[in-house]
Every structure is written in C-alpha cells, then in structure tokens.
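Have a look below at one chain only, the form predicted alone, in structure tokens format.
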Amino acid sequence: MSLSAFLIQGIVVLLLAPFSTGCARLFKARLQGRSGASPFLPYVRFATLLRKEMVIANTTSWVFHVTPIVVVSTSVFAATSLPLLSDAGAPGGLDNFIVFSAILALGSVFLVLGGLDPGTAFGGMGSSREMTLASLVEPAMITTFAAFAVVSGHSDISGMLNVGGAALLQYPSLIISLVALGLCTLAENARYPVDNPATHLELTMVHEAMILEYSGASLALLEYASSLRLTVFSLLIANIVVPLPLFSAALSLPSVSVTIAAAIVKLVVAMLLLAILESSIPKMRFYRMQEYLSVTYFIALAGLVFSLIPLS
C-alpha cells in the first residue's frame, strides 16, 4: 500500500466511524417505532466529551491512563492496515491475519486491565466477563481467517479478497467461514446477542462495565475506538462479499471518489442489517455465551476442515 493510499484510507475510515454508529442507532430506533437521533449525533457527543473534565479515582495507576490510548491505537492500526478502501496489501505484512488478531487481543487485554485498575465491583465484573468471551472468540476468529488463507493461498487479509465476491460460490466452505466471521464480529463489538451497548444494567453489560470509571477525553477515546472497530469489521465483511470497488496503488480522483461513495453505501447497508438483527433477537444470558461462542468456533472449524478438502 502506497503512502497516499494509506493516508486516504486512514482518514476516510476514521471520519466514517462515528457515522456508522449513528446509522445503527437511527435504523434501530426506526425499526422500534421511534424517530431516532441524527446519524451525525456521535460527532457532537465525542466533541462534547473531549471538552469535559476527567474525574479519576485516586486508586488508579498508570494502566488506567494508558488504556484509552492503547485501545484506540489498536483500532486505528486495523483501520489503516486492512484492505478497507484499497486492495493493496499493507507494508511489511501488517495485514497478516495473525497480526490482526494479536493487535485486537492487545486492545482487549488493556481494556480489561483498565477496568480492573480502579478496583470497583462493576469494573471487575465486566473485566472477568470480557476475558471469558475473549478466550472463546479469538480462537474462532483465527480459525475463520485460516480457512480463507488456505483457499486463497495468502496469509495477508488483502490477498484473501481474491476469493471474495463471486468466487465465494466456487468455495462453499468459505460461506461457512463468512458466517462464523459475522458471529465473531457481533462478539468482538459487544453487540446483540452477546452484549447490549445501550444499557448499564448489571445483568447485561460487559463492555460498558469496564469503562464506567472513565470520563471526559478518555471516555471519548474508548467510545470512538468502539465505533472504529465496528466500522472496520463491517467494511471488511462487506469487502469480502463485494470486493469492488477498491482503489489500487495508482490513485486517481474518480477511483477514490467511487470507492469512498461505495464504502458509505456498504456501511449504511451493514448498519441496517445490524439494526434488523438486533431488533429481532433478545440479549442472551451471560451463562449461555459459551454455547453461542462454541457454536461459532465449530462453524469456523467446519469451514476450515471443508476448505482443506480439495474440490474435484
């Protein structure tokens, strides 16, 4: 990926992240019979949080202060290194699926440590739940990408797009893996049925419990990182299903404009599908999460096993 493509993709995805969250909330409200807020409201919320004073407990250490920076940095890394707008691979193999999974895990670990650091009951509860979910979802995600790596012959995610789109019909095993990736996406982004991002009820929250002690700019960074991660996963799945249009290393104004317009359309459609899903299913009890994630892992494993069987 050239420096220009790297910068364009990074800037566009970073700007679109709050819009995707706003679209999901708007569509969900409309499906529930409410008017809903503007999809641009998250921009106002982040700007407001950045101006607010931070209230920090005296019991916190440097981990609490570093956590928002690490979490948002891992999300920015994913937004700039993956083939979201450009079909060119990241330099140095940074879009390798193992590296991508490890970076996401790093952000999750620091988020857990940040939730534990103040020593509150809610933070400890959310951190414990998050580690339980992470230990189950990470193997499923790696197995899912391994299936794409076997079929495409590439360990980098940009190379996996070669078997996306119409090519998925030639490899039915990848359709199974794509379903597993969708289930992993819901878990990674704390969405239904794994978590409810719009509540602070003790019985339902996981992600929200870990960030309850954050405020001001730190809370803005954590919420922005969550929006950015949702945008990254949505565009990644959309590009696997519809790998065009993406601009190449030879940049031109028409190709970049068409790609950005297509990315916005993909995000809107993805958020609409997410809103329909979340309005159709209930939040699962936490003690049933192992069933959900076990099914996700075995679906991913089935996709990998079938991808290893040569087609006649």
Partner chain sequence: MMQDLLVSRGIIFCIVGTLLSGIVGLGGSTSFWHRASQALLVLSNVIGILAAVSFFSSGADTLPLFRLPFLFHTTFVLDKLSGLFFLMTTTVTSLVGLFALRYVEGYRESYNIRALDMTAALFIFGMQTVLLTTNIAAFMLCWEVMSVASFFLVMTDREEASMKAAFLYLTMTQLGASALIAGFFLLSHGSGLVDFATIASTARMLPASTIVFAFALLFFGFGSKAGLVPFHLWLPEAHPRAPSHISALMSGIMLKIALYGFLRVVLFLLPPLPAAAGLVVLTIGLLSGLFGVLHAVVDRDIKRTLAFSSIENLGLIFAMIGLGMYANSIGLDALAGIAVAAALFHSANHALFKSGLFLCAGAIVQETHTHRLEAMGGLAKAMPLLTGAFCLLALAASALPPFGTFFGEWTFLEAIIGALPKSPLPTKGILLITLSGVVLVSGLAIFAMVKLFAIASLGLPRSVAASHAKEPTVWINAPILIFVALSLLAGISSSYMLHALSPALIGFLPARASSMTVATGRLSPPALFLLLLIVLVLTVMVTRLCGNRLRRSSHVWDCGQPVDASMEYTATAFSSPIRFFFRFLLHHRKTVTSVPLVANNPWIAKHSMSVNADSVWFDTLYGWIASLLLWLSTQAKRLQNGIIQFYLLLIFLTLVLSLLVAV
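Predicted model, so just to flag it, every value in this text is computed and none were measured. Numbering follows the first chain given and starts at 1.
As for the form predicted in complex with its partner chain, it is not shown, yet the points below apply to it.
With the partner omitted from this view, the residue of Val112, Val242, Leu236, Leu222 that lies near its partner chain in the predicted complex is Val112 [heavy atom within 4.5 Å]. With the partner removed from view, the residue among Ile98, Ala167, Ile175, Ala198 that has a non-hydrogen atom within 4.5 Å of its partner chain in the predicted complex turns out to be Ile98. The partner is not drawn, yet in the predicted complex one stretch among 253 to 261, 22 to 30, 269 to 277, 44 to 52 has residues with heavy atoms inside 4.5 Å of its partner chain: 44 to 52. Mapping the unseen interface onto this chain, Glu188 falls outside it, with no heavy atom inside 4.5 Å of its partner chain in the predicted complex.
Within 4.5 Å of any heavy atom of its partner chain in the predicted complex lies no heavy atom of Leu16.
Proximity of Val265 to its partner chain in the predicted complex falls outside the 4.5 Å heavy atom cutoff. Looking at Gly124, you'd find a heavy atom of it within 4.5 angstroms of its partner chain in the predicted complex.
Contacts with its partner chain in the predicted complex, taken as any heavy atom within 4.5 Å, map within 48 to 67 to Leu50, Arg51, Lys52, Glu53, Met54, Val55, Ile56, Ala57, Asn58, Thr59, Thr60, Ser61, Trp62, Val63, His65.
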